[in-house]
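Below you'll find only one chain, the form predicted alone, shown as structure tokens.
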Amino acid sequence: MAEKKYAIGVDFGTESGRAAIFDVSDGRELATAVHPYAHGVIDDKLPDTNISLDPDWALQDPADYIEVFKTTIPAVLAQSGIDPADVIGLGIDFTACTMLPTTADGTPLCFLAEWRPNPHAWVKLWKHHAAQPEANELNARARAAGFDDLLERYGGKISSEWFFPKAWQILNEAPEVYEAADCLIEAADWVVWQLTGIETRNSCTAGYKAMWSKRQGFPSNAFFRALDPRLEHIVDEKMKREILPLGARAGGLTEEAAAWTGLQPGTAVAVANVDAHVAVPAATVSEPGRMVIIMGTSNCHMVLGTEDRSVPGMCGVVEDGIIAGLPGFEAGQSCVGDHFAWFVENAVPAAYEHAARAAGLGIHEYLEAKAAEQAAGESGLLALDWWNGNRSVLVDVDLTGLMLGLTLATKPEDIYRALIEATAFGTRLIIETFKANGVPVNEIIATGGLPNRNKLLMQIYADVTGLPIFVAEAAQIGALGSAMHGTVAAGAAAGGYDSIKQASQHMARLRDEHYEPVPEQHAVYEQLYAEYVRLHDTFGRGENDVMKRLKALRARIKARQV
């Protein structure tokens, strides 16, 4: 009987990092551990200073990432009782674009006393939206200079969340930090660098967040010169042109990293991956037509195609970006779980909190139960899901939330259900946009935190989209996907696999339960969706820019108060 082998995946989220250890033969999870970041999301003041951050900033401390390795991996080894010698590979996934400036040896500038008080020396988290002026300028100047083809690969617009707007913001607002940075790097690649001692760059973040393609590489120096002459040589001066494919071996654990983790030196480490993209093969998907939606604080929609297509408002299409040999498409919604959390934290009356406690339920469970008593359309409410801007298909962080139909008879559960429906309508619009542009979507595989907690949400998504929804079995889908890539980095000779498709066939599974659309509910949602699209286009496509005018007015008033 062959000796059992194991792999570890580390999933770096917005508020915490989680590790899990899996049996390579069947993907069975043996142990998991989570480490909340000590500094969380830094969006008010820099730690240990009185330096305030402007609106739309979101930073992190890279020291928190190292603590994830030091705490979670030893914990899963101890819980599982696995001999470290039997762990053949390690993989990581990360939020993106989450990037930082470092010295040549990988030391983050925010670790250095001279730069620590400067916000631009810290990690810019994926939801750092303060580079919107740079994103706007990038899109305008790229089109003016004739680089429309580059923009079309990303749905026509580059987002403020992406690598080059964030890098350009550093250059514009803190040129001294930009000059001091020998390296600008995704946090995903930085943590792999800390594990292996080798700087590598992965094809997923490079392709989806930094405009790299397998066939053309990064945009030309002429492209960057058209944006800003100071950016002309950013790739050669601050980045690397060598990009490694997913599943490749980044290196082996250094002696120092082995001491952090309790694993053996030399253990294979896969090149980094993105949290959403790594979930696709872990959700059993390695072929076109099946959309994977990672549902949590935000939604990320991943689908494989048979050929490159330009799809308006998508986040990008990257050859080999998810599965080798196929173009991978990404779209997303910026506010989903955060949507519901906002409502619960700010707008639910105390009487509901008391009733939830009396029923032995959390407030989300209580609201879900009451909302589930309603039929589609019963509340008379309709909302737009833009509390944190719009990622797809409008790519506009300056859009804000809207709800219609409120009356003196409106109850909290009505609003809660309308917010769920709004996110489902946003997902349907994304699906319809893919279909209209030659990318089929025939079924949905859901994963992430929400499918495990909110059955009403899952049924509403099925009813709104008219598609069956299946749920991935793995509770820690990111960690499983990362571990699967770790098995590929180790290779079959070490007890792993030679491709991510092979790893998916052995290690990924779906649950038995799934959600089918209810025809009567779907018929009502057809009517509500048509109204949603009208609102979406009225307020999102320039007919009425009241949301942006209000946001600008707020900024002017706040500026006077400083």
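These numbers were taken from a predicted model, which means no experiment stands behind them. All residue numbers are counted from 1 along the displayed sequence.
Only in words, not in the display: the form predicted in complex with another copy of the chain, which the text now covers.
- With the partner omitted here, the stretch from 179-187, 128-136, 431-439, 410-418 that lies within 4.5 Å of another copy of the chain by heavy atoms in the predicted complex is 410-418.
- In the predicted complex, another copy of the chain sits beyond 4.5 Å of every heavy atom of Ser52.
- Within 4.5 Å of some heavy atom of another copy of the chain in the predicted complex lies at least one heavy atom of Ala350.
- With a 4.5 Å cutoff on heavy atoms, Glu531 counts as touching another copy of the chain in the predicted complex.
- Residue contact check for Ala145: none of its heavy atoms lie within 4.5 Å of another copy of the chain in the predicted complex.
- Shown without its partner, this chain lists Pro117, Gly266, Gly156, Gly380 as candidates; in the predicted complex, only Gly380 has a non-hydrogen atom within 4.5 angstroms of another copy of the chain.
- Contact with another copy of the chain in the predicted complex, judged by any heavy atom within 4.5 Å, is made by just one of Gln459, Ser298, Thr95, Asn388: Asn388.
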